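As a starting point, one isolated chain is supplied in structure tokens, in the form predicted alone.
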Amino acid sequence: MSISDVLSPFTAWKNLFRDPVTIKDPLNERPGAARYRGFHKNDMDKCIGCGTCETICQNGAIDMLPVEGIPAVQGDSGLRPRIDYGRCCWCALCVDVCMTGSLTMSNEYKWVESDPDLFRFTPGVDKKYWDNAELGYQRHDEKHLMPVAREEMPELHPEARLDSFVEIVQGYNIEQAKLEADRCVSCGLCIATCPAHMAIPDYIKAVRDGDYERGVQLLYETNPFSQVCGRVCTHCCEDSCAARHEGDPIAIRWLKRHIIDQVPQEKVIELIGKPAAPTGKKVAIIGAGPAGLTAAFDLARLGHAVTVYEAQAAGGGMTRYGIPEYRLPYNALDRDIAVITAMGVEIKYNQRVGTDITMQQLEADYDAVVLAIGLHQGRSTRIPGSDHPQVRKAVDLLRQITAGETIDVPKSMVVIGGGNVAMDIARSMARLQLQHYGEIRVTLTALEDKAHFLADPVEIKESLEEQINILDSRGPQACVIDDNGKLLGLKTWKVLSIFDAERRFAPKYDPADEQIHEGEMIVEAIGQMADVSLLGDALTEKLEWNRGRIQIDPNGRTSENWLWSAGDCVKGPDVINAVADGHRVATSIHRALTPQEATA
């Protein structure tokens, strides 16, 4: 060590008597350039707390922190960026990557404080004099770090799909999937929105890296129905995607499907691993739909012996008997079920609880019972003539189509309803009409206007492409029947409103605007309900109910401590919610069956 090295700390004392570089100077105004990268601003109305600014900052100058008065809601984490000007280099990458354009930089560059801690602040929350500055740096409206349009999904054209039930969506190839995955900024808002809280940014990264085996492991940590959800999930995660603020949301659902399509079935089972050692506990599950089989998957992996009782000839519940094969091929569903049975789950098909075995027998033979019976009964409009033999329920027809039963296909028909089930039965029957008669004559009427249809926009678009005549704001009044008892069609009036001032269902119509829609068959697709007759009178009387549905606690347990309930029959129809429900119930049952282990 030299003598200069020893004396160098003392030479710094000379700076004590120098004037600071930045001083308050109210007399001489020296504004920054119009696009100068100065101090940060953040528009609280635009910011969604996605954290892309924190991720891209190479200096660690940004931390996402909770802010009082800003709750976490769908599409907004409730966090806001805090800037540390001891680390910031004013590179503006945080501004360039901001998906909503909320984060900008003023052209102000002078800020004098005696307390250095004040140079860590939260723009938009900690008010500053430059908050209203009009000049400064902001992201160019037409320049983006990521492509704003998603990769187009290959699909069968309408003319190629109209007369068959071949799957419409063809799936991404590896190149397309990687390009789509590259658009993801890993903000994680999707995780909170997904009912199953899937590790979405991580499995999208697996696509980017080409590590499909890792992707499969991530999928099965939270969702044993990845084949199904990769095709028909309601993808509410995409509604929260930060990318939607500057273009299309990431195609999360399609990337999930891409992962599971790349790995052979045998490898999937190998990657999941073997279940735990047997616990000696037995669980019965009624219904082989997504909720019941998800619970079965989890419980089997925890070492419990699981038996599933299914009234139909095949598993899947409404995903098989309520969704047409052109949306969800049966072989894809079968692959998901095969993974679940590989964990040791036994499924007894054509076993109707209440007929072939009673609830009392299940209570006696098993340590816990799960009721996951779905919504297999259609609701009726109860309009005059709705009891005619040619007035059918959509769920019944869809089940017949899946089972390969013979259907008397009408030359013309009317569907009542504006949801996915209505679209599904309209499109399915249109295919059968084309096969039988060479033409399509299907009319779909709905109470809602098209902007408020409950159906997925893609379903509406594809229905129109397939020549379905969709009439919105039409309320069914009566089934038109001639003197000989033949069904002629449906009478509707124009809908003026659906709900009253208190948002109660109370539709009002204009009788002067009446139409008759020709149809040899009318199909009601206005909702579904559960068939709870299997419970029997005694158990029905014992259970607590809530507006026609079995009352459950937050973990799915009913008022009878041996019985749990999950899925559509308690939460309403939705695949990913049913999966989340299955996980919740399985966790509750495991804790109940292994109290010592659960508290350890």
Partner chain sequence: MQQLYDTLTQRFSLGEFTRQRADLAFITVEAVRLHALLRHLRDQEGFTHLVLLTAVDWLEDGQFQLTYLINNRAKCQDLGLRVMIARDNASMESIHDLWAAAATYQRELREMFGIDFPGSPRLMDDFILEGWNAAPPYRRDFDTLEYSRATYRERPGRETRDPAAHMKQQLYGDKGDV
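Residue numbers count along the first chain shown, from 1. Superpose the two forms; the largest set of C-alphas matching within 1.5 Å is the rigid core. Worth saying up front: this structure is predicted, and the values here are computed from it rather than measured.
Note that the form predicted together with the partner chain isn't included here; everything after this is about it.
Enquirer: Please run the contact check for residue 43 against the partner chain in the predicted complex: heavy atoms, 4.5 angstroms, yes or no?
Expert: Because no heavy atom of residue 43 falls inside 4.5 Å of the partner chain in the predicted complex, the answer is no.
Enquirer: Answer yes if any heavy atom of residue 84 is within 4.5 Å of a heavy atom of the partner chain in the predicted complex; otherwise answer no.
Expert: Residue 84: contacts the partner chain in the predicted complex.
Enquirer: Please check if residue 50 has a heavy atom lying within 4.5 Å of any heavy atom of the partner chain in the predicted complex.
Expert: Flag for residue 50 set to yes.
Enquirer: Tell me, yes or no, whether residue 79 is in contact with the partner chain in the predicted complex, where a contact means a heavy atom of each within 4.5 Å.
Expert: The answer is yes: residue 79 has a heavy atom within 4.5 Å of the partner chain.
Enquirer: With the partner removed from view, which of 114-122, 425-433, 402-410, 266-274 is the stretch that lies within 4.5 Å of the partner chain in the predicted complex, judged by heavy atom distances?
Expert: Stretch with heavy atoms near the partner: 114-122.
Enquirer: Looking at 188, 344, 101, 385, which has any heavy atom no more than 4.5 Å from the partner chain in the predicted complex?
Expert: None of the others qualify; the residue that does is 188.
Enquirer: Can you work out which of 313, 516, 364, 73 has a heavy atom no more than 4.5 Å from the partner chain in the predicted complex?
Expert: Only one option qualifies, and that one is 73.
Enquirer: Select from 191-209 the residues with a non-hydrogen atom within 4.5 Å of the partner chain in the predicted complex and write them out in sequence order.
Expert: Heavy-atom contacts to the partner chain in the predicted complex: 191, 192, 197.
Enquirer: Rigid core fitted, is the C-alpha displacement of residue 408 between the shown form and the other one 2 Å or more?
Expert: No, residue 408 moves less than 2 Å.
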